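One chain comes next, on its own, written as structure tokens: the form predicted on its own.
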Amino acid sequence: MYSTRSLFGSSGIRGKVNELITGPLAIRIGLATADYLSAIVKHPQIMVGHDHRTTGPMLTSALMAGLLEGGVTVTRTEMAPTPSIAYASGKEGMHASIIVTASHNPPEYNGFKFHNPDGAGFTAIQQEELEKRIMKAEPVDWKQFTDFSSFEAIPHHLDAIVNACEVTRSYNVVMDGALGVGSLVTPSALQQLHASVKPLNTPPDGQEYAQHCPPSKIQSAAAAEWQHFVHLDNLSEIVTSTKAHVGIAHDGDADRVLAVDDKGRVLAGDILLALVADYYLATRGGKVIATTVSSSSVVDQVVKQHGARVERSRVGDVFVSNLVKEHKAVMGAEPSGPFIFPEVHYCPDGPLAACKILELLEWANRSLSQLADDLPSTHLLRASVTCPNEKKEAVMKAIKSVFEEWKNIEEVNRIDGIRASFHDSSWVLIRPSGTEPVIRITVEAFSAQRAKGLLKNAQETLKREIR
């Protein structure tokens, strides 16, 4: 039997296939979703699809079996990015969508992402409702079983991206698809916006995806997070050798974007967020940019120049999406790469974000490296410490007690893990991962020495409590 106490992490349900994620669980999830939707609307309709993982077709078929058994009409898409399926679902009048994907996790993982018709992920309340039903939902009478149809989601999403962007100049772009489904959309979208695109690691390949990328020589928080599924050194070298304006990469299901500037530097997600926020506030107005507790204070400094403010949520694109809606934010993003542009939809959209970077370059009339160099300089470091899932709660409780003994703390934020801000404007965030057996650490300070000291202190404290 499955425990439904904590199936949902920070971005849907994920786990190793044939351990947590199995065909029988997919059927139960489908049946639970059907039961939930049927309690809200008559004759619910749902769109389902999957990314390039080899386990996607099996799990999608099992998911559909549960949905059909629950009396829901199903529309099945071809293999496609998460934002493509989420967008098409809303435009086709569906009541929800489920994408079978584990995003950036290793190939032995898979999972399920749930989206509302506007593209926003299921809220915490919706997730709770599903969890209540996963082991309790019953099939409808066989006379109420419905049918399914097939649908191509990508053309609709591609049209929406091109219509939402305006780029008149031609830019040279190196696009690394990471053997994921982003390559089905992004190159075409960029080309329709006059870009010359050099594609890398395309088309999607669930088998080759299993070959791990070599460690990157690039030393940065962004590189450390992305190097497991993108050949960052290769991407960086090709950007500089071809004199490209920008390098773009996606994770497996393309709800994230990473940018490499014209000097071959992998930009931190916080830096890209600050640049796009500056562009959006300057050209569209607005009073709010939405992000998470883990994002850099550089974002705050840029946003304040426009008389706007930053609102922060828990880590996870679901929470950012709903924060964008709650505060009518002009846009939202996470340092890990999800960007949300509400004028199109509330789903994190890597291909759309890639095109918005070209808009940014045209508006600024400067190189990406120049724009990044002009931002306030801080030192932001990220790291992870392995911690069994069953120990996380006790460890975090102990960490909170330790934090109370640290000196010069100005404020403690407990919205997600624990973030301590100090009088010198440095801060440290310690939070358990919602998808992996690790506890993540983020620190930021104006000096490298201070940042390294905070990180070392946090790591030592964590390791001591985990033992």
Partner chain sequence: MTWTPCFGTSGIRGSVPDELHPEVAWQIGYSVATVFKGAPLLVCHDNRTSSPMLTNAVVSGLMAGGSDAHYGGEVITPAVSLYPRHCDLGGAILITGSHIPAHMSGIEVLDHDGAPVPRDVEKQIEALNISKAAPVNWQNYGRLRQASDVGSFWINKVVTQVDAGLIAKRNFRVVVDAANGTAIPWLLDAIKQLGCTVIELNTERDPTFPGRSPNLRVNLLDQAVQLVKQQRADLGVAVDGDADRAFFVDDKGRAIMGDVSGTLLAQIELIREGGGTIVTPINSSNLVEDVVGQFKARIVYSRVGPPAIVAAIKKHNALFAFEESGKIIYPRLNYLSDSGLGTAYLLEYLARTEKTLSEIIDAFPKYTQLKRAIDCPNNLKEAVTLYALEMVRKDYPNVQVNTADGVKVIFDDGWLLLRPSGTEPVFRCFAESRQEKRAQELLTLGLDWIEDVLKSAAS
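As the structure is a prediction and not an experimental result, all values here were calculated from the model. Residue numbers count along the first chain shown, from 1.
Keep in mind the form predicted in complex with the partner chain is missing from the figure; the text below concerns it.
This chain appears without its partner; in the predicted complex, the one residue of I399, L68, A420, A32 with a heavy atom within 4.5 Å of the partner chain is L68. K143 is the sole member of K143, K304, H212, K328 with a non-hydrogen atom lying within 4.5 angstroms of the partner chain in the predicted complex. Look at 254-262, 336-344, 107-115, 318-326: in the predicted complex, residues with non-hydrogen atoms within 4.5 angstroms of the partner chain sit in 107-115. Contact annotation for P57: at least one heavy atom lies within 4.5 Å of the partner chain in the predicted complex. Among residues of the shown chain, W363 is not one whose heavy atoms approach the partner chain to within 4.5 Å in the predicted complex. Taking non-hydrogen atoms only, Q207 approaches the partner chain to within 4.5 angstroms in the predicted complex. The partner chain is not shown here, but in the predicted complex it comes within 4.5 Å of a heavy atom of G23. Taking the partner from elsewhere, no residue among H156, V174 and Q192 has a non-hydrogen atom within 4.5 angstroms of the partner chain in the predicted complex. Shown here without the partner chain, the chain has I27, R28 in 25-49 lying with a heavy atom within 4.5 Å of that partner in the predicted complex.
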